[in-house]
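Read the single chain below, which is given as structure tokens and is the form predicted alone.
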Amino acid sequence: MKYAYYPGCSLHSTSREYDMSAKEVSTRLGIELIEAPDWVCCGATPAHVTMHVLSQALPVKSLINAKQTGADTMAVCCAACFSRLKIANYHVLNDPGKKAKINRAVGAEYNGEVAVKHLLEILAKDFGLENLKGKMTAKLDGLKVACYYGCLLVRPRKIMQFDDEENPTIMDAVVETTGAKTVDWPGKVECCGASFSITKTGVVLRLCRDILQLASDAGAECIAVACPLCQSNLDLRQPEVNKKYDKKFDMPVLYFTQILGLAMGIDWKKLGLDKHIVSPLKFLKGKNIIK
């Protein structure tokens, strides 16, 4: 199985542990991720509110470059990047006028021929849940996980075509192949306020508090995420949330790839588990998941 791979800016910088764990897990499964040459920033959350054509041209430039890998599908881990690449493809395939403007901006002809899939979709559907389950060597029985999808991964539904936008389950299904138990909770698609991380930190703290509280109330021992922006907010902001709201949250926020990697017996250092603000190491040792 071979895919072009778009890491995006976060996975090459502040969220290196996501990149590390995604590659380790994919290699163990025989999934080849070939980084698209000369990829550029997808524009994330700011570009589409300032210059519409640019916000489409940036992802298309990377999709065009992905063709050099020989793969016809781009694998994406970051939910924000996944959203921007899927939206760009949607406009190219469904709006001839926008397609012409986008192609003129990038200076090349692109017709939407490179499919875009999130790594969750690749694992659950292309590789298959039963096959994935068969690769687990260290079952995580007893681990209670709240799968947090955030607001970008599955919305808008007509474009993402990924999972139910109100009650997605694909991450739960992938995580449960490890033997872990996923909790039923109402916060899985709530926004963490990533776009306001710098401009309105008070809003972010309130949103993160609500998500952490909902996960805790559901009995979760950790949160699984598929977005570096969500991970950063929920992990980095916990000390501030605790101080402002007189809470005692100490909730590890792990990438779903790190959870899979642990169940595959991959060394925790290779999964980047030492790079979190709320360290999961003591917790994982207490559960006898790592030594």
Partner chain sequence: MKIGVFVCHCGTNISAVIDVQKVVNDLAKMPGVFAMDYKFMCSDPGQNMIISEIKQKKLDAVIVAACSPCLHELTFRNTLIRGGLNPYMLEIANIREQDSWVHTDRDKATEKAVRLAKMAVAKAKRNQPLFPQEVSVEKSCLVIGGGIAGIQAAIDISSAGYQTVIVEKEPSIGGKMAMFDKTFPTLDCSACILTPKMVQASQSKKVKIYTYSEVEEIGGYVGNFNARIRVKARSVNMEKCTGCGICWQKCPVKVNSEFEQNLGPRKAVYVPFAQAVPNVPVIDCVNCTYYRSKRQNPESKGLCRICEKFCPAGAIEFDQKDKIIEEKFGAVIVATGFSAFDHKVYGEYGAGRYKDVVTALQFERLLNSSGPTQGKILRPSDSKEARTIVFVQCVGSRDESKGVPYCSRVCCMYTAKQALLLKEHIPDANAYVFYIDIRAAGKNYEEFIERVQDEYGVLYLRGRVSKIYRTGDGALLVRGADTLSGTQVEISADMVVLATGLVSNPETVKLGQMIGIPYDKNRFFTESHPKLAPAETQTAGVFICGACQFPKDIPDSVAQAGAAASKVLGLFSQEHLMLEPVLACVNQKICNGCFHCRAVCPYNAIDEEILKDKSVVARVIESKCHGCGNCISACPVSAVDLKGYTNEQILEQLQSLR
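Positions refer to the first chain, counted from 1. Keep in mind that what you see is a predicted model, and the values were worked out from it rather than measured.
We do not show the form predicted together with the partner chain, though everything after this point is about it.
Self-check item: the partner chain in the predicted bound form: contacting segment from 100 to 108, 81 to 89, 186 to 194, 122 to 130, heavy atom within 4.5 Å
Solution: Of the options given, it is 186 to 194.
Quiz item: Of D95, D72, E166, D141, which residue is found within 4.5 angstroms of the partner chain in the predicted bound form when only non-hydrogen atoms are counted?
Solution: Contact check passes for E166.
Exercise. Taking 4.5 Å between heavy atoms as the contact cutoff, choose which of L214, C151, L205, A115 touches the partner chain in the predicted bound form.
Key: Of L214, C151, L205, A115, the residue with a heavy atom within 4.5 Å of the partner chain in the predicted bound form is L214.
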